[in-house]
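In structure tokens, the next block holds one chain alone, the form predicted alone.
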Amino acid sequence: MSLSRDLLVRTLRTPDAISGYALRDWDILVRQARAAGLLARLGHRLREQGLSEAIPMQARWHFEAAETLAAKQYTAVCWELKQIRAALAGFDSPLIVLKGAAYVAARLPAAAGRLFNDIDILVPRDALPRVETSLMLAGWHATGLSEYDKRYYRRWMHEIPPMRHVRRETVIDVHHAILPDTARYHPDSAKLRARAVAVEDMPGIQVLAAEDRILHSATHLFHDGELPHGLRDLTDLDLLLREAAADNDFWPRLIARADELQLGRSLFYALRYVRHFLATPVPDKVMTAVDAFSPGRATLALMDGIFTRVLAPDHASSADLLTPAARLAAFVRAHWLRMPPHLLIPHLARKAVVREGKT
């Protein structure tokens, strides 16, 4: 990559590099960080490293504004989780929170500077009707989707249609699994729920165990075909891994759990690309162990060509001539992993017709 193309990545890896940045570098850095959804997290990182004074005034207000928004969202997520728990007071199982909201609930380092679009929860499949009804009574309703999309969610997906609150406009994604029923891999949701852990000061709320949080984050990232915030999700993984690795038994448990849940390939990609982009301290012996989950050499070379581009910030300064093709390839790959051909082809054809009709 050119110096400007990987500016955000270099700054995340070595924050003190900012001491040599000119104003034009700060302009590109702010744009890349905003496109990646990382402006607040980067601001927090620079402040944590005692580098706030090295940010020129022309750029500093961007970081301060982003951190203010992130702090407001952090407080809002905590409050919203309590409202969801209250709405599900009759639910006879703990409420398991996923992804970004889980980082907030568990007060993890990955919550710092994290921005949110929605709150994800995991419930047993047979509880979906009761959970959906309870949330509807509390003001959340499925909106903004066509009848086809609603049927698609309910028949094939691992979640029901997103639910938006009529007044607060907060969005909940209610999952019964972490991958669709039609996906190539089928991690057992009951195993995830069985090892979930309680959250301090939030009665009735749980988060996935440390290994499962990481595996879910990796699975979500490497099964998603549209990755405007792929680098943000990669920094989530970096922070989750750094924290969990303080436990001496963590790495063997993570590898064994990945194998148990059929998520070894996702873990392989996650560890490969956090090391590539963020220099995450993954031991060499761990990388050797996860080589068992690696694809063939030719496929891996292709994946490197795709992911080194689509996990970069979704900004013109980070792109090259092959970036559009890489983004298309990631989109096709994700759908291929999530649906068999006899379902995928009609689905994509219908979506293409609908998109064409809107232009």
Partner chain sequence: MRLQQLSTGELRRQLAGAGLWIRTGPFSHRVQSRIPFVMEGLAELYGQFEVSGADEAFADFHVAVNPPASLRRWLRPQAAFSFDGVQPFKPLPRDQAFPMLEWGLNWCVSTQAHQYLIIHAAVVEKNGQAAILPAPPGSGKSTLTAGLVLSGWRLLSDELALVDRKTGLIQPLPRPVSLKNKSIEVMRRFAPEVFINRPSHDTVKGTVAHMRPPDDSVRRQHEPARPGWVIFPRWEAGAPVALTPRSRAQTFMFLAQNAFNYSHLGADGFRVGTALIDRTTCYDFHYSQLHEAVAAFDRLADSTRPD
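Numbering follows the first chain given and starts at 1. Bear in mind that the values here come from a model prediction, so they are computed numbers and not experimental data.
Beyond the structure shown, there is the form predicted in complex with its partner chain, which is absent from this document and is the topic of what follows.
- Stretch-level contact analysis of 286-294, 330-338, 30-38, 46-54 against its partner chain in the predicted complex, using heavy atoms and a 4.5 Å limit, identifies 30-38.
- Its partner chain is not shown here, but in the predicted complex it comes within 4.5 Å of a heavy atom of residue 59.
- Its partner chain in the predicted complex is not approached by residue 299, whose heavy atoms all lie more than 4.5 angstroms from it.
- The closest non-hydrogen atom of residue 72 lies within 4.5 Å of its partner chain in the predicted complex.
- The closest heavy atom approach of residue 65 to its partner chain in the predicted complex falls within 4.5 Å.
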